[in-house]
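The chain below stands alone and is given in structure tokens; this is the form predicted alone.
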């Protein structure tokens, strides 16, 4: 199926002729695959881009199908009190996004409009934000990670069953880090499988998903590297927390060259939270012990960008095996690959 318009194909050809001086962002914008909004890290997506991302989502669903996860979907906002309880602001205050709204009276409205008129008389980059003084925080904030709304929901259900719980969640997320690197968007989608249970259950889950994450990227014919990692904790104390996270091997990332010339980009992350969220929200196992949690997170835009980076802007010219995986019988191909991996691990005959 041809997913590129004539205009997009021509733009892609023009970008190719200009050579390596163009960045991936330039090429994606020129081809119409990403849409410039005028704000760094905030993009529109074309039909072709969204189709690739949707097909990738199907493959990820097939990878986790045997886990029989509970599928939950939340809007890209969460209750402010849950966000406050999460302790996100202790570690990443610079990334958080709050939602404000006008809550005043007629006089306040007039002040807002006067300040807005003054602001609009200036150039975009020079506009004053005095009108925002009439705004107040609402009871919701932007979701920083897809798994965050899950934990208070699980806590309200009472003790976990003996086998624990596995949840499949997908959400747009926000992080305030404007950048020209398209792999570092301010609004992006995370697909996650989240595990709640005993430490042993969560650790086994994480190891399984490290293997399955590598398998997915191999099926997509992308370079694979998994490495120990840490989150970008804020402030002077952040390095101590990051060093502790690495020392305990709580976080691994699957890295792929995407658009950052300084190195590879984390496209999947494999996280063990220990009992952090269980203790915050009083999530308990069936024996009354505090639940441990972990998750595997797929950066949906980042993996999609990696596909365009390594296979080209014309999806019709992508490798046959990649096209067959995404636009063919995805379920059968993923199941076959998983069976081959299990057979090889068990030392059997993969034929």
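The structure displayed is predicted, hence computed values, not measured ones. Numbering follows the first chain given and starts at 1.
From this point on, the text means the form predicted in complex with another copy of the chain, which you will not see here.
At a distance threshold of 4.5 angstroms between non-hydrogen atoms, residue 129 is in contact with another copy of the chain in the model of the complex.
Shown alone here, residue 37 lies within 4.5 Å of another copy of the chain in the model of the complex, counting heavy atoms only. Of the heavy atoms in residue 289, none are within 4.5 Å of another copy of the chain in the model of the complex.
Looking at residue 45, you'd find a heavy atom of it within 4.5 angstroms of another copy of the chain in the model of the complex. Taking 137, 223, 261, 159 one by one, only a single residue has any non-hydrogen atom within 4.5 Å of another copy of the chain in the model of the complex, and it is 137. This chain appears without its partner; in the model of the complex, the one residue of 90, 246, 114, 239 with a heavy atom within 4.5 Å of another copy of the chain is 90. Comment: 231-239 is the region of 271-279, 231-239, 251-259, 203-211 lying near another copy of the chain in the model of the complex, near meaning a non-hydrogen atom within 4.5 Å.
Although another copy of the chain is not shown here, in the model of the complex the stretch 50-82 places heavy atoms of 50, 71, 72, 73, 74, 75, 76, 77, 78, 79, 80, 81, 82 within 4.5 Å of it, in sequence order.
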